[in-house]
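Single chain ahead, by itself, as structure tokens, in the form predicted alone.
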């Protein structure tokens, strides 16, 4: 028997059903109690072209996408070279390919990789009359080779082809079964045991689905959006689901219209949001300033993609950090939250509305393509625990409405907010500077007081709200890691492996980037002998932290500037370099004494 923690990839050209096969595998094995994560990769053209689905499967929750592949299914070799930098085959990996499509002669793989030629297309033709179901034959072969539980596949395939009728459902399932039989006839393969005793309820969803679901639970009543990869799935989810709950969805002509409509809806008194990606966030930035100046609750989701400009819409990054934290003209108070995985995306979507409504300011939910579009199986979410963060906007009291001052100076910076239709609650909400009633002003002294009032909200949040941080590892670490957002999983796994080696290491992952939780972060950093900062950008996170914290002397940045994902092994090696750096510094100090 071998460790039941396997990573597979399916590679092919557009239209060959690469992603469909991966999604069926995820849903089927989830029904049999297994956890998984699927990362999708496409060409830059978004539609058509090549595609890759990488799936990690195990009995316990999956933290990251996995380092090396145990098996790769190649539906066609024609576009394989486009993923040369993303596919990492293990030393004893297996390549399963169509026997009618030979591997290219210059293919570079580890020496002990095994090639298995399978009649994917021929079997599909034999069973269904065409080659369209070769992805199901290949999926069946993969499932049979790795002894994956079979019970869930019938239902997953039936669900996948439900709209095409029973005959299509049955022919595709027959293609899958044929693939299983081909694999199980192979006597030289290893054996696996995926049986689990705990079949608790699970959710199967992407990070984008999770954001949308969390927002719905938080009480969003208005969504306006314009399609943009990789955020479009949030808009599509809202378009499908909001009308069912008697809430409003609008697809606008551009991002500026989307964010300003959301601001208008918020002014009218309802929880409102929009979602976009980097170029769209650029267009929305002026209006986000309007929400801050008018002190209107607003939630904006930015699913980061490689940039600048239109960049690579289908690849991930963490390079919108500066824009999210600093973007905009003038003094623009905002909250920036960063979910770490799909379950956390639900939680932080709820928290985003909570903070926006309570403190009357824009909240940016900063995710990325890696989190937004990956498909995860996660434990059932405890929505009852989130209920206290679902709040209703507090309206002015009768006394406050007697001489209503919408922008009244308060100790917290938060003023009584009204809405159209409330008697004596009328006021002007505009982007121009104003006095306490909302009347426009150019008075310099008043402008300074109003600017301080708005900025005060950040200090109030620091005092009243616990910093959204996640920590793992030793309580008294020698070496620390700081990361944020979707890199949590790979960092968590690296820390666990290092602890098993006896190293004293801990990681803190920021889920709240602004206002920065300075005190708890500094408490974590101060006793450290060395620090590794992990980020998928050109030192934006490092520079941001350095501007507000005292970082340890031995601080190293491990970064990816391109759109490739971190592996656990490279994080481990980077930590060991920090450890070695500290040892060198210590020896030099001793020698100089």
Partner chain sequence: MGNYTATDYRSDVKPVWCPGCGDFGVLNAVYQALARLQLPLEEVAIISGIGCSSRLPGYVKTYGFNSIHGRVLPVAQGVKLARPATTVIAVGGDGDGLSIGGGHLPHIARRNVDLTYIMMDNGIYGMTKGQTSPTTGFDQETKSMPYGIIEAPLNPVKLALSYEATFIARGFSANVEQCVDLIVRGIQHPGFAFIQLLSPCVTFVGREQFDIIRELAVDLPADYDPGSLDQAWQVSNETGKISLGVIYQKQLPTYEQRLQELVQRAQQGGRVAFADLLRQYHVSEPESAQD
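Positions refer to the first chain, counted from 1. Keep in mind that this is a model prediction, so the values were computed, not measured.
Absent from the display: the form predicted in complex with the partner chain. The rest refers to it.
Colleague: In the predicted bound form, does each residue in the set 337, 574 and 582 place a non-hydrogen atom within 4.5 angstroms of the partner chain?
Modeller: Checked in the predicted bound form: no contact with the partner chain for any of the three.
Colleague: Taking the partner as it appears in the predicted bound form, which of 254-262, 507-515, 74-82, 299-307 has residues with heavy atoms within 4.5 Å of the partner chain?
Modeller: Partner-contacting stretch among the options: 254-262.
Colleague: Considering only heavy atoms, tell me if residue 422 and the partner chain come within 4.5 Å of each other in the predicted bound form.
Modeller: Yes.
Colleague: In the predicted bound form, does residue 246 come within 4.5 Å of the partner chain, counting heavy atoms only?
Modeller: Because a heavy atom of residue 246 falls inside 4.5 Å of the partner chain in the predicted bound form, the answer is yes.
Colleague: Check whether residue 152 has any heavy atom within 4.5 Å of a heavy atom of the partner chain in the predicted bound form, and answer yes or no.
Modeller: Contact with the partner chain, yes.
Colleague: Would you classify residue 122 as touching the partner chain in the predicted bound form, given a 4.5 Å non-hydrogen atom cut-off?
Modeller: Because no heavy atom of residue 122 falls inside 4.5 Å of the partner chain in the predicted bound form, the answer is no.
Colleague: Of 142, 363, 235, 287, which residue is found within 4.5 angstroms of the partner chain in the predicted bound form when only non-hydrogen atoms are counted?
Modeller: Exactly one residue meets the criterion: 287.
Colleague: Looking at 426, 117, 496, 455, which has any heavy atom no more than 4.5 Å from the partner chain in the predicted bound form?
Modeller: For this set of options, the contacting one is 426.
Colleague: Could you run down 426-458 and flag each residue that has a heavy atom within 4.5 Å of the partner chain in the predicted bound form?
Modeller: Residues within 4.5 Å: 426, 427, 428, 429, 430, 431, 432, 439, 440.
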